[in-house]
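Quick setup: one chain, the form predicted alone, written in structure tokens, and binding and motion questions come after.
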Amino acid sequence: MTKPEDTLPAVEAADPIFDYEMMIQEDKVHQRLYTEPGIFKEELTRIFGAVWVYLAHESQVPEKDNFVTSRMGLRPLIIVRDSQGDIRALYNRCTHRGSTICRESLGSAKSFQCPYHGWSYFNSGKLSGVPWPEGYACDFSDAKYNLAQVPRVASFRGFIFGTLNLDAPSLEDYLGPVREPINDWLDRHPGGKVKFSSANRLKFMGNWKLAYDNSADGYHVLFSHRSLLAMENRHHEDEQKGMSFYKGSPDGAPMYVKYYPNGHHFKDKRPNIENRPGALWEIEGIFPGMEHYEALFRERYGVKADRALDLASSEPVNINVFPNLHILGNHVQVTQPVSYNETDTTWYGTVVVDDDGELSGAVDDINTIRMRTQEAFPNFGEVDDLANFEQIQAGLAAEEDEWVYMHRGLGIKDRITEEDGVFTAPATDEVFMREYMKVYKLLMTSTPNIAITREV
């Protein structure tokens, strides 16, 4: 087994070469944060190596020997529940010549064999075989030939995170108060859990931070998502479906944005909705066959129908865990940087699990409708955002116009409240961006204690 003393120091990060104090100011950030390849290279160590990065969900590796591939920044990983039941984050890199050893996105395997020269490894990461070993004079029992691993892997409520930083706080401490909305999001489901289902896989030609800047932004909704709002309300004279609460004066609505320590933030639109069974279903956007499904539910489940229909509906929250995890409605979105101007974004659908029979057999019907309600935003809303991100990246190529402003709400008396590092503001405020950029600056000017480990 790997032990803390078995960790091997990685190449020590050099002192930062960019002036982050100049580039990150109270009301603005420099465009080079999004356009400079050298800054992206530093982020791979100081962000995606130094903090707890979201890797996978336990429902993707429910049984021994299950695996799913992932990334930590650009590092290719295999997230595996090994033959002993332990969850590991193995580097998907043969120790011989560096080829990836697993080229499937998910599956079940007790071992992995490199397709290049046939070196094989148990799913614990330990080298299990080398073809024609008599051609080597070395001792293959040396741990240096075993797969590298992320030294610290931990889960919170089924969400698996990893960090290379031996000095990082515990995962619970890193998440801090953002655990509360995650708990709320899960606890609305039977047994307090969900399973991941299939995914929408998208890409945009822009910097990964553009997605994080946008993830709690309530200022853009009415303008960028106008066609989605129109579609959600296309058969209703009284437009109250979907995100229609952004119309008029959204700052006067009861919804709000919260910034939490360590770069996390949360946009809560639930206060716009009546707190009663059936209220979420009532604002769900129209989709074909909706009336038939509702009539069927009411016939089959009687007084439980409203609770069941609410579970099929999207919960109006945006929960963002720095740097790459977003929980929106019933989706889990994961952003993965590819380069300074290219990012992968994956939207996983989730399904309800009813191990204790709380829903009286309604779970399959709920998940059927849930699949339909989950089709809307990735297909009709996210594409608006990705177009914005790509156009921002194009605009930022005008390098002489240096600054990106994030000062909405700044300096307005009594607009923002703060308690123990948690800021609360109207939903259109940019306080979440200003505060997470302070954390980003601290990380980018620090040298983390980066290491890997290997099975012994």
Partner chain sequence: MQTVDGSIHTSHYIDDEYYQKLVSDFSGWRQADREVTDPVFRDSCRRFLDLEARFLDEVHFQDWLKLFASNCVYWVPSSADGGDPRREVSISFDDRRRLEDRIFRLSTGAAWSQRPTSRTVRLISNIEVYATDQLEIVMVRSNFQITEFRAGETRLWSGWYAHRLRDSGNEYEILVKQVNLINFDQNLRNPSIIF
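Residue numbers count along the first chain shown, from 1. On a predicted model such as this, the values are computed, not experimentally measured, just so you know.
Missing here is the form predicted in complex with its partner chain; even so, the following discussion is about that form.
Exactly one of the stretches 220 to 228, 159 to 167, 91 to 99, 266 to 274 approaches its partner chain in the predicted complex with heavy atoms within 4.5 Å, and it is 220 to 228. Candidate site formed by 202, 344 and 372: every one of these residues places a non-hydrogen atom within 4.5 angstroms of its partner chain in the predicted complex. Taking the partner from elsewhere, residue 197 is found to have a heavy atom lying within 4.5 Å of its partner chain in the predicted complex. Although the partner is absent here, residue 388 is a contact residue: one of its heavy atoms lies within 4.5 angstroms of its partner chain in the predicted complex. Interface membership of residue 384, defined by any non-hydrogen atom within 4.5 Å of its partner chain in the predicted complex, is confirmed. Contact between residue 288 and its partner chain in the predicted complex is found at the 4.5 Å heavy atom cutoff. Note on the partner interface in the predicted complex: the residue among 354, 251, 315, 365 having a heavy atom within 4.5 angstroms of its partner chain is 365. Of the candidates 380, 281, 145, 245, 380 is the one whose heavy atoms come within 4.5 Å of its partner chain in the predicted complex; the others do not.
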